[in-house]
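Take a look at this single chain in structure tokens; it is the form predicted alone.
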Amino acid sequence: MPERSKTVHDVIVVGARCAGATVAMLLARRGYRVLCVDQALFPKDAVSTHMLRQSGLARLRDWGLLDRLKATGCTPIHSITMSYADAHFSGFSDPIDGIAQTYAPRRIVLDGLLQDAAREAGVDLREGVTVTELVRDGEVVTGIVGRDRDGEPVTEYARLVIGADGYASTVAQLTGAEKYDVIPGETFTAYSYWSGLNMQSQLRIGDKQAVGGWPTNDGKTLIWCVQYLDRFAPFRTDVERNFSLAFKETAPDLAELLDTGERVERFFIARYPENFYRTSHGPGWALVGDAGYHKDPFTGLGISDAFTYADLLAERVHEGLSAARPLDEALADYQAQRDRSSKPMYRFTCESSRLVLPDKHVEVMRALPRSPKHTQQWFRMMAGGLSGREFFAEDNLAALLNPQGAR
């Protein structure tokens, strides 16, 4: 096969979902020649919490895409109810980045919206392309090798290859990107969609399991449960019965609510992979999204984080490709900044996903109903708008836990 020009593309992005389509769009909007490939044929669903926190919505607004999302008929979320043991409270965060609600769009809807925006920006987005190898010039990655949907060989070249192909990233495997700060996954999830429910966001934590749900598109509600991995095999023997039992044991009021609606889709079941960071840059390549940094979906920050760090990577890639600074230096700064800013919520998420909260958390949760201010702060922390260090600071909690002594 004749070799093509090695400067056909400025950037090749492998993966065309939340992180990949976004970074491709942002680079194309800066005038770069971007090829984005994905092995899937869209529309195609993906296992997901669907949750878009305020920080992610603010980026959609800044990119001119929030109104498009709202026009899809996705129900806004403005209230969250949580419970753990005998603690039970409801509330919501104050506005973050000017956004006062959250949304949980179906992935078919959100991914399609981002892919359309990428194409509009000039991205050459090709579906059904499976990457099998990377092209190298010495140690520098210079392109991709694979096959298209018809099985025909594909070879493309670029100044930079970005892997946005999920936690099992082919690009990460081919570059030998090493994991670090690994924390094993301990749970699995099962979920489906109900119609006929009038329900805002619910998160109920019980004995080694949690249940909940939130509204999504087309009048449907995503309903889920999470359990420890030692229950995975027994759960699968009768999914419908065990799913219902999890709600009856953990949140009887929600179990009764589900009986008033109708399940309208099949169950989706997934074991959660381990939590990790990966080395996310090297000569001619970078990683973004779950390919470079993956945490348990318990706090629902995955999509918003994908937007945040796709935005950051696009900025650093622009600096490197425009010769404002060396590309290797810019990519190293991307990884360092991502790790630094994400680490507090990474720790909080991994700790919370074990479904056994520290005594201090439980004490706080029991006290929250008597303080709307601290309840609002709690949900702001859950949304990533307030660090755990700030919320759990002694001075902040004094008025909640010892209101008389704080006067």
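Residues carry their position along the shown sequence, with the first being 1. Predicted, not measured: the structure shown is a model, and the values here were computed from it.
As for the form predicted together with a small molecule, it is not shown, yet the points below apply to it.
Contact with the small molecule in the model of the complex, defined as a heavy atom within 4.5 Å, holds for exactly one of T349, S55, Q39, S371, namely Q39.
Residue-level contacts in the model of the complex: of Y272, Y84, Y157, F243, one residue has a heavy atom within 4.5 Å of the small molecule, and it is Y272. Residues I12, L27 and A314 are none of them found to lie within 4.5 Å of the small molecule in the model of the complex, as judged by heavy atom distances. Contact annotation: the small molecule lies within 4.5 Å of heavy atoms from the stretch 47-55 in the model of the complex, the single such stretch among 47-55, 378-386, 359-367, 66-74. With a 4.5 Å cutoff on heavy atoms, L301 counts as touching the small molecule in the model of the complex. The small molecule is not drawn, but in the model of the complex it has no heavy atom within 4.5 Å of K220. Although the partner is absent from this view, G185 stays clear of the small molecule in the model of the complex, with no non-hydrogen atom inside 4.5 angstroms. Although the partner is absent here, S322 lies well away from the small molecule in the model of the complex, with no heavy atom inside 4.5 Å.
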